[in-house]
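Okay, here we've got a single chain as structure tokens, the form predicted on its own, with questions on binding and movement later.
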Amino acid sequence: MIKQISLFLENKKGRLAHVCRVLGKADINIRALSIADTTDFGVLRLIVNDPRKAYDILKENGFAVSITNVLAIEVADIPGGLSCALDKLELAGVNVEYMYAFIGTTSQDALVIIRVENPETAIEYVEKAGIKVVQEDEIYSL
């Protein structure tokens, strides 16, 4: 499982830039991100090279931050590759709550971050479905 940093941000000018500055000054490298917004706030999800340090630095700087377990999976980097992986997840009974792409690769395949209901159980089903789950050390070192 991978540790994901999640932040609640006010939807106003400069907030995202401030997060990036804080992380950059702490030598934290953002490897993947997703942001969803509403009129008043946004949820920023990050995969970084050092999640514990990122959490501590962001908390010290007054951000509402949490750590969530997610999975990183490899999908074929071809047309229909993601669809094929999602079909296997569906057949395995794994519900994907949300997902986003990862910058970088560990092989010729693409990497996708997925949030599922029960990550521990999902790993078993995902691997049985023939989908490679990428380990923490591989992700954080990219």
Partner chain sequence: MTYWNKHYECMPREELEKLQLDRLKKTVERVYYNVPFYRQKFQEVGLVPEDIHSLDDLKKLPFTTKQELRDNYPFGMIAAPMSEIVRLHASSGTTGKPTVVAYTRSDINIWSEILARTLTCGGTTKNSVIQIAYGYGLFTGGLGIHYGAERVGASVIPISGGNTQRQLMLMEDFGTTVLACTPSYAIYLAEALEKSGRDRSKFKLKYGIFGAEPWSEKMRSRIEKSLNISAIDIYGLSEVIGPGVASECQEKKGLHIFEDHFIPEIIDPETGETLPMGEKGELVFTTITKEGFPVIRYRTRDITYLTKEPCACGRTHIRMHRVMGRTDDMLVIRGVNVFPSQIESVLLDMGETNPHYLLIVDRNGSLDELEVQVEISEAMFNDKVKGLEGLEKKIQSKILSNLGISAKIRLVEPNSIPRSEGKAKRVIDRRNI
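Nothing here was measured: the structure is a model prediction, and the numbers come from that model. Residue numbers count along the first chain shown, from 1.
If you look for the form predicted together with its partner chain, you will not find it shown, but the lines that follow are about it.
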Counting only heavy atoms and a 4.5 Å cutoff, which of 85-93, 72-80, 25-33, 39-47 contacts its partner chain in the predicted bound form?
39-47
With the partner left out here, check for me: in the predicted bound form, does some heavy atom of residue 133 sit within 4.5 Å of its partner chain?
no
Exercise: residue 108 in contact with its partner chain in the predicted bound form, heavy atom 4.5 Å:
no
Answer for residue 102 alone: is it within 4.5 Å of its partner chain in the predicted bound form, judged on heavy atom distances?
no
For residue 139, is any heavy atom within 4.5 Å of its partner chain in the predicted bound form, or not?
no
Partner contacts for 1-37, taking its partner chain in the predicted bound form and a 4.5 Å heavy atom cut-off
4, 6, 7, 8, 9, 10, 15, 36
